[in-house]
Ligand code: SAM
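Listed next as structure tokens is one chain, alone, in the form predicted alone.
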Amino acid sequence: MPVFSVPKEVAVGTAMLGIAFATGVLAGKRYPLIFGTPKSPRSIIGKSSPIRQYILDHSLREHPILKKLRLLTADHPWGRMMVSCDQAQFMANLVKLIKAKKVIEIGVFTGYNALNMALVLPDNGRVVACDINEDYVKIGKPLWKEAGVDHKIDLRIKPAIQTLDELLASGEEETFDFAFIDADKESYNEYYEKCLRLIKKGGIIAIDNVLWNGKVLNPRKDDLAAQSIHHLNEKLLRDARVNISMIPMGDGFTLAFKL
């Protein structure tokens, strides 16, 4: 696609991500032990790494209620499933950059990133938050209300595929600005395809866990999650419908910019 036909927001965002990626590569060469081997299921840079702490100390601007929910989630037995706070902030900045009003989130957990998105959307903005487990979401729902953004979050407790199909059937194709996929890995390709139909041109799909703790390097035949992620990574590389950047942040995430 000719470069001049790419929406301004996509061009700016892609340039930003190119710089971020180059920085990650250079840092990896300088600190091979830190960047080369994941030290936790949710982070390429180990949670106890002084480099990670430096990054957070010098870049994280976390809303106090977001921080409150993050600390509550950290105490949960499955707290490691939460998106990293620096990654969430990066996505919020992208949402603001493209002036998003409608967002899809697939995989809500305790609601940290749904809150993160809702905080930066305009008052008439909307996050369609998809999950199948309301027990986890109950942790975050009171904080959505405390932050005054619960009216922006449309929580759907049912299989996400069903919700996405309902959105398509109701005529919402190409009306969303941003989507975040962070749910069961075996369904990633189906989530991606349906989100691509729902996202407008110039919109962004963010896909989490694309490195899957390094298991994508040599996915075992019996590891369906690693296999699914690896196949999607290979597909995205060749998908002419989008521009992409794979970012070495958290457990790795890819941003796909719809052309």
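The structure displayed is predicted, hence computed values, not measured ones. Quick note: we count residues from 1 along the sequence shown, nothing fancier.
There is another form of the same protein, the form predicted together with the named molecule; it is not shown, and what comes next is about it.
Enquirer: Which of 95-103, 147-155, 118-126, 174-182 has heavy atoms within 4.5 Å of the named molecule in the predicted bound form?
Expert: Looking at the other structure, the answer is 174-182.
Enquirer: Any chance Leu143 has a heavy atom within 4.5 Å of the named molecule in the predicted bound form?
Expert: The answer is no: Leu143 has no heavy atom within 4.5 Å of the named molecule.
Enquirer: Does Leu164 reach the named molecule in the predicted bound form if we count a contact as any heavy atom within 4.5 Å?
Expert: Looking in the predicted bound form, residue contacts with the named molecule do not include Leu164, since no heavy atom lies within 4.5 Å.
Enquirer: My question is simply whether Phe109 lines the interface with the named molecule in the predicted bound form - judged by any non-hydrogen atom within 4.5 Å.
Expert: Yes, Phe109 lies within 4.5 Å of the named molecule in the predicted bound form.
Enquirer: Is it the case that Ile132, even though its partner is missing from this view, gets within 4.5 Å of the named molecule in the predicted bound form, heavy atoms only?
Expert: So Ile132 counts as contacting the named molecule.
Enquirer: Can you name the residues of 146-175 that have a heavy atom within 4.5 Å of the named molecule in the predicted bound form?
Expert: The stretch 146-175, when checked against the named molecule in the predicted bound form, contributes Lys158, Pro159, Ala160 at the 4.5 Å heavy-atom cut-off.
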